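Below, in structure tokens: the form predicted on its own, a single chain.
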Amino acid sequence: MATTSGPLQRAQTRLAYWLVAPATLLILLIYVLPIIVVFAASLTDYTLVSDYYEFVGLDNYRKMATDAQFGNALHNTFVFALLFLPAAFVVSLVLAIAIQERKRFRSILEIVYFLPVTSTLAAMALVWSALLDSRQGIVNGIVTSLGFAPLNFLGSEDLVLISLAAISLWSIIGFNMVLFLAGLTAIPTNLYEAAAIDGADHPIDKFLKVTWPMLGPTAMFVAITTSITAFKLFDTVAIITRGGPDKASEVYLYLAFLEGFEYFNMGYSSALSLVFILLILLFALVQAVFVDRRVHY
């Protein structure tokens, strides 16, 4: 028995390696290899307008410390994230709880709130640009009809990041809501019954004692994915504001795009892209470790 199980086990192991080999190769080609190429390019002064380039070591990374545009883009990205993250989390959770409690029209409401997720963000960015237009936009028409002065949503340095956060919020609420609904559906009803017997029969008590602790894993996943989405802001900036007004909406990824494809500094753009990946990874790890201590599985 022992002599036959050994060769059989080795054959199964070899088969398993062969089965996972195509997926592993694809991951290496799509994800790992490009990162290696970007890292190699970040150590040079390579540009798109010249075939000649030199090895410059860490000069591109040192440049970030004194680059005012880099500091401005990093600041704008964090401000946007602070505006976007809490709203994307709280609004989605409130909507999920409200829909979960409904008996009628629940499916219709789920579809309505999820529709923005299925829309093409590039096309909808143009629609939002028209809606928020300072002179002919419908939103300003509502503002003026209420007796207030029209607002320059996309042309004001104080309002542009808030407006972009609102557009991004509209596009992600449905996705986060569905995730929270899945988490709410998985909570056993007998926990609420036990909580009611113990005196926690008020909706707020039920949420604090049962719903929120049981939603821990879902909440952690939503928080991490939403954080990554916040730092990946690019589409709406590139289509609507192009970093304006006066670089007030020039976020990190848009700066990397400008450096690479507008100013042709591919070496510096590669360094920016690599630092961006490291920032996202570090932020996700810190968030996961911090939240995981408070999650009930």
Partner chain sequence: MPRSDHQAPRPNRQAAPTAVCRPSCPGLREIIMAKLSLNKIGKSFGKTVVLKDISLDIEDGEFVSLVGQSGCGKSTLLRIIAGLEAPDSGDILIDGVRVNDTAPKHRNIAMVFQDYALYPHMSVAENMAMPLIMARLPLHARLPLARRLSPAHRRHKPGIQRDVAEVARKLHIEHLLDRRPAQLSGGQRQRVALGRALVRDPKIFLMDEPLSNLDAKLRMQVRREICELHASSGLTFVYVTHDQIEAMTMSDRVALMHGGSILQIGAPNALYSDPDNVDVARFIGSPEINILPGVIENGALRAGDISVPVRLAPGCKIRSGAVQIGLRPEHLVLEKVPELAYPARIGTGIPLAFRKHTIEDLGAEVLVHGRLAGHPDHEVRIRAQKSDAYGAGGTLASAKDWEVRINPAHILLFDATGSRLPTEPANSDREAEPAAMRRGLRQQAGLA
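Positions refer to the first chain, counted from 1. Computed from a predicted model, the values in this text were never measured in an experiment.
Not pictured, yet referred to below: the form predicted in complex with its partner chain.
Its partner chain in the model of the complex comes within 4.5 Å of a heavy atom belonging to N190.
Using a 4.5 angstroms threshold between heavy atoms, H202 counts as touching its partner chain in the model of the complex.
Within 4.5 Å of some heavy atom of its partner chain in the model of the complex lies at least one heavy atom of A196. Residue contact with its partner chain in the model of the complex: P213 places a heavy atom within 4.5 Å of it.
Proximity to its partner chain in the model of the complex, defined as a heavy atom within 4.5 Å, singles out one entry of L208, A130, V94, I142, which is L208. Note that among 213-221, 149-157, 69-77, 112-120, the stretch whose heavy atoms approach its partner chain to within 4.5 Å in the model of the complex is 213-221.
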